[in-house]
Ligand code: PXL
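What follows is one chain in structure tokens, specifically the form predicted on its own.
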Amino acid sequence: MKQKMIAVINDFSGFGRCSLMVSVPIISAMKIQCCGLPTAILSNHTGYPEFFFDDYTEKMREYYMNWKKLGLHFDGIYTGFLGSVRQVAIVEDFIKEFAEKDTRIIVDPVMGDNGRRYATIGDNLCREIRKLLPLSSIITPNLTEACLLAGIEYREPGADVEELRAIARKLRHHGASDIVITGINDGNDICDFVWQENGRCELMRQPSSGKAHAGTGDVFASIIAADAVNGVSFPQSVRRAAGFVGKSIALSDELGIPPQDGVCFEEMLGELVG
């Protein structure tokens, strides 16, 4: 027996509850060793008016090649924010170096939200991120990111299963296997659309828990990644991740935590143990 390990490739933002600062405690609580490969170092995430930023692109290969020298083997590889075409190429090389037959690869394509791309996501970077889909076991885009990857115009479809199914088909055409399109607003509900590699699909619905908070996608994807490595079924994992995020949002609003400060998932970690 050995403890399982996940490599998480994402930025490190010291304040604001996102990225590696979310993944490390959540994946650790789920009894998996979390090994972080930073894409950038930030004092706090870019949703604040001021932040320190250090691009880590030039250091990433040397960093992970030392893992290779140590003979590390990962049960999962989870990718988050990638800020450039070069970083996508580094991730592709990392997967080629470390992925084995049973390695679960979770791609969270951090590209935009609410119908808009993030400032760093141009057409070239969008095309490069799409190249990660055939390498993935699971992808976790929100609706905006799913449309960008599928190459279709964004339109908020609510919970229209046929439209969501059409988007998922496009993602499958680009090589994705298991897909969850997250955070779909439908009246007073938040929905997640699950498409499994075997063709089964399901729209999961829960009441909206409160305000939109930064970093909830990172919380969601971290749970999905850990569950994938732990052998939890994909639909069950999506339900757990969505429920955990919903409870964390509700508690954060109750405690008066500003939305840009993320969610107080720390209060809820005990629910993920076991």
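Just so it is clear, the structure is predicted and the values come from calculations on it, not from any experiment. The numbering used is simple: start at 1 and walk along the sequence shown.
Omitted from view is the form predicted in complex with the ligand, to which the following refers.
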Counting only non-hydrogen atoms and a 4.5 angstroms cut-off, does S28 reach the ligand in the predicted bound form?
no
Would S19 show up as a contact with the ligand in the predicted bound form if we use heavy atoms at 4.5 Å?
yes
The ligand contact at Q33 in the predicted bound form, heavy atom, 4.5 Å:
no
Answer yes if any heavy atom of G47 is within 4.5 Å of a heavy atom of the ligand in the predicted bound form; otherwise answer no.
yes
Out of 212-220, 60-68, 242-250, 225-233, where are the residues with a heavy atom within 4.5 Å of the ligand in the predicted bound form?
212-220
Among V110, A146, I190, L132, just one has a heavy atom within 4.5 Å of the ligand in the predicted bound form, namely V110
Counting non-hydrogen atoms within 4.5 angstroms of the ligand in the predicted bound form, say which of F94, F74, W195, F81 makes the cut.
F81
Stretch 115-145 - residues with a heavy atom within 4.5 Å of the ligand in the predicted bound form
Y118
